[in-house]
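Take a look at this one chain, the form predicted alone, written out in structure tokens.
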């Protein structure tokens, strides 16, 4: 198999995939694709249209008109910058069932492959190395303990002015872990040829340097 010049960064919620992937892309001079933001934008579009996943005609109508773009690190729904709107607790609660829906995934995976198919991308998600880009030259499965992830997410939310109890943040992560790993379509799992990195006791810079070093040493 010809390997695609692309880093697939998979892992559970709250492990810091997006921040890590952005920094890795910067160091390599590559582009970054936030697939999680794409699913959040789809959830936002459904919420605004008042459509749920049981409304098949409505869902198909929304998906047919879905235009999601990433410009730099900003996410756009049509021509609207929704980078902040997709990070609210309401959308966070919606995104797990939306991202597990086969109809939604089919549309977004097709878009992701068209964007990253020429290589030169760092792409993060839950099924990048297993489903979206199985031919990626470098696959990393980034993980961390629930305690470490909850602490990071708690601080992130607090800094954004959305404080939640630490126990509630941890419970939400565990709920999402279970849903992501047991869903019928593209469940969260480590690709057979991925390298696992437990970042529980690592600083962000250490994680980024490790991944960049791994990629540069990896056979192309």
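Positions refer to the first chain, counted from 1. Keep in mind that this is a model prediction, so the values were computed, not measured.
Same protein, other form: the form predicted in complex with 2'-deoxycytidine-5'-monophosphate (DC), not shown, and the subject of what follows.
**Q** Tell me, which of 95, 150, 142, 138 has a heavy atom within 4.5 angstroms of 2'-deoxycytidine-5'-monophosphate (DC) in the model of the complex?
**A** Of the candidates 95, 150, 142, 138, 95 is the one lying within 4.5 Å of 2'-deoxycytidine-5'-monophosphate (DC) in the model of the complex.
**Q** Could you check which residue among 156, 31, 172, 180 gets a heavy atom within 4.5 Å of 2'-deoxycytidine-5'-monophosphate (DC) in the model of the complex?
**A** Of 156, 31, 172, 180, the residue with a heavy atom within 4.5 Å of 2'-deoxycytidine-5'-monophosphate (DC) in the model of the complex is 180.
**Q** So which of 58 to 66, 38 to 46, 158 to 166, 23 to 31 is the stretch with heavy atoms within 4.5 Å of 2'-deoxycytidine-5'-monophosphate (DC) in the model of the complex?
**A** Every other range fails; the passing one is 38 to 46.
**Q** Verify the contact flag for residue 75: yes if a non-hydrogen atom of it lies within 4.5 Å of a non-hydrogen atom of 2'-deoxycytidine-5'-monophosphate (DC) in the model of the complex, no if not.
**A** Although 2'-deoxycytidine-5'-monophosphate (DC) is absent here, residue 75 would stay clear of it in the model of the complex, with no heavy atoms inside 4.5 Å.
**Q** Under a 4.5 Å heavy atom criterion, is residue 190 part of the interface with 2'-deoxycytidine-5'-monophosphate (DC) in the model of the complex?
**A** Looking in the model of the complex, residue contacts with 2'-deoxycytidine-5'-monophosphate (DC) do not include residue 190, since no heavy atom lies within 4.5 Å.
**Q** Can you tell me if residue 99 lies within 4.5 angstroms of 2'-deoxycytidine-5'-monophosphate (DC) in the model of the complex, counting non-hydrogen atoms only?
**A** The answer is yes: residue 99 has a heavy atom within 4.5 Å of 2'-deoxycytidine-5'-monophosphate (DC).
**Q** So, in the model of the complex, is residue 122 in contact with 2'-deoxycytidine-5'-monophosphate (DC) at a 4.5 angstroms heavy atom limit?
**A** The answer is no: residue 122 has no heavy atom within 4.5 Å of 2'-deoxycytidine-5'-monophosphate (DC).
**Q** Which residues in 187 to 206 have a heavy atom within 4.5 Å of 2'-deoxycytidine-5'-monophosphate (DC) in the model of the complex?
**A** The stretch does not touch the partner at all.
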